[in-house]
Each structure stands twice: as structure tokens, then as C-alpha cells.
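Here's a solo chain for you in C-alpha cells, the form predicted alone.
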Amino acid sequence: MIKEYIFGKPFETYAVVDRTGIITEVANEDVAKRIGFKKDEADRALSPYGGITWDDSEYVMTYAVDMGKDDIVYGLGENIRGINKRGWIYESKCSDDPIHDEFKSSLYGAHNFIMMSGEKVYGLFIDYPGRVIWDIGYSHINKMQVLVCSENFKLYVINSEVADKKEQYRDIIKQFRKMIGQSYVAPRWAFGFQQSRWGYQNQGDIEAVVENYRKNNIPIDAVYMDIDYMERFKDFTIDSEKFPAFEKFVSKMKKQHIHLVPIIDAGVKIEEGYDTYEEGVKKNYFCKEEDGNNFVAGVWPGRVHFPDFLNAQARDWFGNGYKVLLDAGIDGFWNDMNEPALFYSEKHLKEAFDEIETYKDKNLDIDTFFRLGNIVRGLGNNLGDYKSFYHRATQPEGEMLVRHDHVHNIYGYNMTRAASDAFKRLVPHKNILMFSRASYIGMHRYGGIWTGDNYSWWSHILLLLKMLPSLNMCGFMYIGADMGGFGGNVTEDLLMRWTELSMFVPLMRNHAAAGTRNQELYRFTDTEAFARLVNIRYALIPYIYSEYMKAVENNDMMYIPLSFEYPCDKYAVNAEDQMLVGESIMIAPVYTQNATGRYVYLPENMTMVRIRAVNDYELTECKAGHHYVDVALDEVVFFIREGHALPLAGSGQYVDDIDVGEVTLLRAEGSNADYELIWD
């Protein structure tokens, strides 16, 4: 059962698309009091840093609930820390911040859905596109406080009428997923291994990458084109010197079963003669300042305007821009910098230069030195800048003017919506790969996400694992993290362990930043081991793809915490570094440097699979309980659940090369189970 409470006059985000069975109630003062919401003075709101600016609101809406010592809070999609979100404070604010450490409160996505598990199990979805703070035991260890920076939002409370706790979890998730609509389905080739690096400059660089993967017997299906393929970082352009015959090059790569995937950024370069810029200005499709002038900010190309993706006409216009690349044969894209990321705003930059000038020839003591540094550091992604531009947003009642900070979290979502809608118009019979950095609930219908600019840290292997079920809960199914880490310098053992987790994730993409160590898999000493591991991934793709499709079709999860399946088993409930993947298997990856194995808890009898190569594996029956499992650096260990089976195909050098007619069923000990394979 789902109840919707309407506070004030909410902005329509289009996150909810199926209203079947939803009971709606207007939250007047009495209703708000009954369900636990109240107005609070804004300066009483908390943040990890001691105080927070509440978008010029005099009041915020707060909700508080006591938590029992064993209560668990699941959800919030893409965010830091654990599967159980207790013990920290989280902010729903799409943030361009690559340092994903435990002290952060927000990443690139804003996903306002949680599921509370205590005496009662229920779900909460706050549909508000501005800032929401989730204080889950931070200020008071046994209290959750939710602070909404507005009096205008929708609250959905989802309850289950089934008695069994295990069934309650899945029922609440399925109700929520049905309400927000079916998830995006990526093309099958996009489940293959993909290579990316910011720094591939030209056609020759890409050809060399493909050649080295192929000659080392490492399967690959896609190579990415970061910002360097563009003409001076302009969207929907191709540098003709670097790619003199781009369409022919795309065709040449396709003949080698390689898909090229270019990046598209949110900012449009301000340049006379650039048709996208000139048409956007002429038709009034860019975000405005309060005085009606186009908002000017800086990103990769320098000065840019931001398309007004909240406006339906602007979305259609920008979406049509993808046509030049679609016509060249491109069938995959990634949208980036769409929080939107700001290096600076033009007005703020001028103010900063003026202020810096006042420090000239001064004696810089401890206070003035740090203030000077903060002037420059404060230019990027400045909250004040987000308050300085506006949208002409398309709403059910017509267009309305809205300040960006009140709708910040749906900007990237609507950029990806613009692309997805355009693909349906321009190439209706093709399935295009699309994923984004910024997201909000609802965007899962239009594309997938990757978890942003992570680092070559061992902790980020574990962070990916813990985000997988939370993202599934919010509808995001085509997901992954930059394998090996985007920033920093990866080590061979870190990359190998990361590969062993990423082989179970839909988006398996190795991606690194310019200036970091080259981390293509063939660059390292044990290239043969990497080849064996990626070939194992390709043998597992029929299972991964099948489980993905089943989860999409049934509004279910592909990545399932042990606590969802074994809610009365205290060891399973507390296991956050193991996970069920689909119906048949449990994974327990190694994520610690120099570890030669790890502790694994089996909540039921399982069959361990130790696999070193596609045709080199052994099965071992394991009883329920506690185990220490040796895991060599170059092998993969996972577990088949009792009464289940896993299809293992022959590998291929690309996804369409996989022979699903030659599938071996690996069965749990004593099982005659079959498996439903989906390969359409």
C-alpha cells in the first residue's frame, strides 16, 4: 500500500509514472503533525560541518523518528558508507566531487528513497528536487531526522501487507519500482568489457588500444572517447584533424566488433559560428540569470551556457544534437558534467579577482593566507552560483520560472531524458547505450549510471559493492564504477582484485584520468592473468544478462544483501561485504591489499566455485557456517546456492561471439536444477 502526502505546491519531477493504488492526501497542518512532519527554523538544521544554508528558506520541514538499536536503514542509492546507512548524515545534492571518502555526504546522484527495518518495515520516498538532509543517527545515535529544504514536496510512504519480513523487503521494493517505472535496458554488447581513458587523442590511439587487447586475447566490445575527440570541447563536433574520416573510422571499428562511445557534456561553448551555441541563443534554450541574460559559467571549453533541460522544447532541441553522431554510426553515449559541474561563474570569477587584488603586497598570516586560498577553491561548484540562474521549466500547468538550486538534482536526469527521447525519435529501431554521471530517481527509465570519478583506492572496491543493492532499490540496473579507479595510480594487484568484482557488474569499464598511470589491462606484468579473468567474465555474461533482464521485467533487484534473504540470521544481517547476485550465486570479493583469502559466512549450504580459466574450475561442497577461503590473486571464487544452477558459456572476443548453444550448467551439490536463460 502506498500513501502520497502532498505538502504545499510541489514541483513535478516526473519521478512517479504509475499511480495505480496510490492513496493521496493533502498534508495540511493536522496531517503533517499526524505523520510526524513539522516546520523548523532553518538555522537549527544540521550538517557535517556545523551549519548549512537552506536556500534562503526561513523554514525547513523536519521529520524525526526514534530508531531501535537493531533497526536498519537501507537505501539512498549512490552514496558513501555502508548498505546500512545508520551512523552518518547524507545530503541529497548532486555533487561534482571525486574524493569519495567517508567524510563526504553526497556524490553525483540524489536518490531520496529509504527502507526502514525495525519493528515495522516501510519505505519512504521524498520527491523533492532540491536539497534533503538525512541525519540517520549522526546527531543522536538512535534517532533519524530528515530535513527538507522546502515546504513544497511529496512524501510517499510504502507499507507491505505480507507478514514475512523477507517478503516484506521485496514487496516494498517492488511497489516502489512499479511506481517509478520500468528500468532502462542496455544493449547486450554493453555487457562486454569496455576500455576508456581521458587522453586518447586521436584515431591512432584508439586503434592501438584495440590492437593490443585483441593480440593479448583480452575480450573487448567498446572503447570510449573522452573530451579530446571534440573540436575545442564543443558538443556534437568532431575534431577533423584527429579523426579525418570519422564515419569510416566508426565503420572500421564496427567491423572489428568495437563500439565507440563518445562523451557529451552539459555546457555549450560560447563561440560565434558554432551552430549549437547560436541556435540555443536564438531560440532561448539556455538557462537565464535573474535579469534575463544567459547564465555564463566555465567548464572544459571555458565560457559556456547551460541548456535548460527542464524545458521540454530545449530538451527536444538538445536531443536532436546527438543526430550527427548517430548518423556516423555511433550507438552509445555517456553524459557527463551534468550536475551541472561549474569551474566558476563569470560573475563570481570577477568578484574573486577583485578580492584577490586586495591581498597584493600584504603580509599573509595564518588567517589571510587561508582566506586567499579559499577564494580560489570556492569558485568551483559554488552554492551561491546555483542560486543565480533560472529555468523555464515545463510543468503540467504550463511553463514556470524556477531558481536552479530548488531543482538542482533533476538537471542531469533531464539531460539524459533529452537524449533518450531523441533516440526514440531518431533511431526508433535501435537500442542505444546511454548512461550518466548525475541522476535522480526517475532517470533510471532513460539510462544507467556510473558512480563517478572514483580513485585507485582499495576502499573503493568495497564502496562499489555496497552501492549495488542501494542503486537497484532505486531502479538503477545498468550500473558500474570506473574499474581500477579514475584518479590516482593503480597497482597491478588492485586492478586484478577490482576486475574480479567488476566481472559481476553490468557496466565493466576500465576508466582512468589523464596524467595517471596507464591502466589498460595489457600494460601489466601478468597480462595472461587479466586475459583469463576477462574471458571468465564473458563466460558469465549469459547469467549476468539473464538476471539483469529478469530484475528489470519483475521490478526486482539483481544485487541482494544477505539480510534481505536471511533477515533472522544475525551473521547474514551484518554481512555487508558479501552479496547475492541474481537467483543462483553469492559473491564475496577480496578487497584488501596483500590478502591471500578472506573470511566468508555461508547462511546455507552452498557449492564453492573456484575458477582460474573458462575451462579450469572446481566445485566444492561447503556447509553453512563460517569459513576462511583462500583466493589467489588471479582466480575467482563464488558460491552457488543450494538447489540452483549457473550457466557457464564458452567465452568470446566480443559479446556476439559468445556461443550460448554451448552452455555448461554448474549445479549446486546434489541439485538437478535447471536455469532459465534469456538471450534475446
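Since the model is a prediction, treat every value here as computed from it, not as a measurement. So that there is no doubt, residue numbering starts at 1 and follows the sequence shown.
What comes next is about the form predicted in complex with a small molecule, which does not appear here.
- For the three residues Leu580, Met608 and Phe638, a heavy atom within 4.5 Å of the small molecule turns up in the predicted complex in no case.
- From the list 72-80, 211-219, 567-575, 334-342, the contact stretch for the small molecule in the predicted complex under a 4.5 Å heavy atom rule is 334-342.
- Listed residues Tyr455, Trp450, Phe295, Tyr156 were compared with the small molecule in the predicted complex; Trp450 is the one with a heavy atom within 4.5 Å.
- Interface residue among Met144, Ala588, Leu464, Ile227, judged by heavy atoms within 4.5 Å of the small molecule in the predicted complex: Ile227.
- The closest heavy atom approach of Tyr90 to the small molecule in the predicted complex falls outside 4.5 Å.
- Contact annotation: Phe306 falls outside 4.5 Å of the small molecule in the predicted complex, judged by heavy atom distances.
- With a 4.5 Å cutoff on heavy atoms, Arg131 does not count as touching the small molecule in the predicted complex; it lies far away.
- Interface membership of Phe486, defined by any non-hydrogen atom within 4.5 Å of the small molecule in the predicted complex, is confirmed.
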